[in-house]
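Given next, in structure tokens, is a single chain: the form predicted on its own.
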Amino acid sequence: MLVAFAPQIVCVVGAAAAVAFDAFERRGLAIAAAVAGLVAGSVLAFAGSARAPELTGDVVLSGTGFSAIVGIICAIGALVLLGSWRPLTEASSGGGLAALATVSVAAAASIAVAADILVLLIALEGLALCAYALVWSARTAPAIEAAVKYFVQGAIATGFFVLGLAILFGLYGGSTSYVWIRGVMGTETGSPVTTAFVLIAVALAYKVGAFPFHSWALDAFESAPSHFAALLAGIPKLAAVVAMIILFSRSVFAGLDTTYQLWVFGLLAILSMAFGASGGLLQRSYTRMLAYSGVAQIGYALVGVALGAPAMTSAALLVTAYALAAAGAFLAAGAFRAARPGWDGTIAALAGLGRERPMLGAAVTVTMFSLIGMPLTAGFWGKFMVFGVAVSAGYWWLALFGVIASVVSFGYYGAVLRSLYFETPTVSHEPGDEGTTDRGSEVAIATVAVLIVAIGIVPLVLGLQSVLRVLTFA
């Protein structure tokens, strides 16, 4: 049991060390301890990915795809914290916030590999509590309001989840293990099972910010500190989508008629893609545009969840690519503000910044291309695989909605690139007012860009199976 939890344990140990260092006002050491915990957790998880995947009666899963997802979550978390080094060291509570961020990553990792519905609930709430605090940490009026909205809606989602859990436990009491419930339930259907399915599906849809359960996400990601938005925009969604895949396609509800899964998640996917893509076109704020685009991105991933077992690996690849690109895109907001201290947060005010800061501009360009789904990026392969499975399974209409939403996304992602490279700044800067370079965030964003391109190129060299093999859940 401890071996399966080893990555999460070392993350929490790193967080505890960060709190201890922060108590003595050694913020640099505190952040380093948090990063070290995440790196160690990632290494341990990838080491465990050499084993065959297991779905047992234990409380967590391990093996190829499951361990790899934990490794990816911890690695992205470490990158974000490294990119947050400057703002965290400058904050009076930076060490404590780094510890809180590390605990949130450990909770996300537990969500992704939970094999017990009660463990899943506890991990979801652990992550949610950390997320509320991280959004609030900006300590501005909009951030406090967003945190309260996030808390209230999160509490409602938890209520739905607990009701679904109560129904399952009442029907098949004796254990909350996925394997136990699946074995006792078999292929049984009926109103109670359907009700539990819908309640848990809605609760998880809240957690990932799918339409129409998305409103907390828009304010939270816009008003939270950009380095914490980078953490919260992608990692929880990656974890929750993998949890959905396991829960609905591999275990508890796998015996139900696939029509339930197709229409519930298919409808959520279409609505999320339509709302996120259309809403993104209307935004002038850079971070709010990213928040809207996140709704569309989760819609693409839900296409994979709707298709069930055949699309499990494809959905995991797509949401992994999104988590990576979202981390880079939100970290870029902090780098933009460092470069232009007077930046008002709008896309238009980024005019010419790509020419002034070539490395930053190039890295942001790669993240935008991946979010669009351009070839030679990780995002392309994620969308290609999910939409390909949809077409081959005969659900071409899901793929069509996805392609249309991706084409529309050129409008809002392209607006960022147009402003960075082709627009002229309307405000001239005084000689001493050019801003500074946040090396930590720029290096982290550049690393994200390199990983995105590497994942995009590797399938062309070694074959797509070389990537998909890492995320195998069967």
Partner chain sequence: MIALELLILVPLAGVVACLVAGRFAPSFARVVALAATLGFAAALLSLAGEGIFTGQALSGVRVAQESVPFWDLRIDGLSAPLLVLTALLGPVAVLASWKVEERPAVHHALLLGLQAALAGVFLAADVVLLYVFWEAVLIPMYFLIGVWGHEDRRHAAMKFFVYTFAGSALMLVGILMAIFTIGATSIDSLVAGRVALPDPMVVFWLLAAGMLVKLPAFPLHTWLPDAHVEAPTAGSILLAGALLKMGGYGLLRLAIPIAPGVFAEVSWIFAVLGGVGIVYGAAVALVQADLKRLVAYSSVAHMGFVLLALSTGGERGFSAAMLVMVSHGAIAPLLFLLVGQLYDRAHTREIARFGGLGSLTPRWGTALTFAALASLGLPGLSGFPGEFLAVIEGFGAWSWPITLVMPGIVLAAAYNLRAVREVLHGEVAGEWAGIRDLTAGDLIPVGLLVAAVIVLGVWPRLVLAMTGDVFAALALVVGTGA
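Numbering follows the first chain given and starts at 1. Values in this document were obtained by computation on a predicted structure and should not be read as measured data.
Another form, the form predicted in complex with its partner chain, is not on view; read the next lines as being about it.
>> Whether Phe169 contacts its partner chain in the model of the complex should be assessed with a 4.5 Å heavy atom distance threshold; does it?
In response: Although its partner chain is absent here, Phe169 would stay clear of it in the model of the complex, with no heavy atoms inside 4.5 Å.
> Is Gly28 one of the residues lying within 4.5 Å of its partner chain in the model of the complex, judged by heavy atom distances?
Replying inline: Result no; Gly28 lies far from its partner chain in the model of the complex.
> Hey, in the model of the complex, is Trp396 touching its partner chain, heavy atoms inside 4.5 Å?
Replying inline: So Trp396 counts as contacting its partner chain.
> Applying a 4.5 Å heavy atom distance criterion, does Ala47 contact its partner chain in the model of the complex?
Replying inline: No, no contact at 4.5 Å.
> Considering its partner chain in the model of the complex, which of Leu464, Ala23, Ala16, Val450 comes within 4.5 Å of it through any heavy atom?
Replying inline: Only one option qualifies, and that one is Leu464.
> Of Ala446, Ala68, Leu417, Ala32, which residue is found within 4.5 angstroms of its partner chain in the model of the complex when only non-hydrogen atoms are counted?
Replying inline: Only one listed residue qualifies here, and that residue is Leu417.
>> Within 4.5 Å of its partner chain in the model of the complex - does that hold for a heavy atom of every one of Ser392, Ser406 and Leu460?
In response: Every residue of the spot touches its partner chain in the model of the complex.
> Pick from 87 to 95, 328 to 336, 222 to 230, 384 to 392: which stretch has non-hydrogen atoms within 4.5 Å of its partner chain in the model of the complex?
Replying inline: Residues of 384 to 392 come within 4.5 Å of the partner.
> Relative to its partner chain in the model of the complex, which residues of 354 to 382 have a heavy atom no more than 4.5 Å away?
Replying inline: The stretch 354 to 382, when checked against its partner chain in the model of the complex, contributes Arg355, Thr365, Phe369, Ile372, Met374, Pro375, Leu376, Phe380, Trp381 at the 4.5 Å heavy-atom cut-off.
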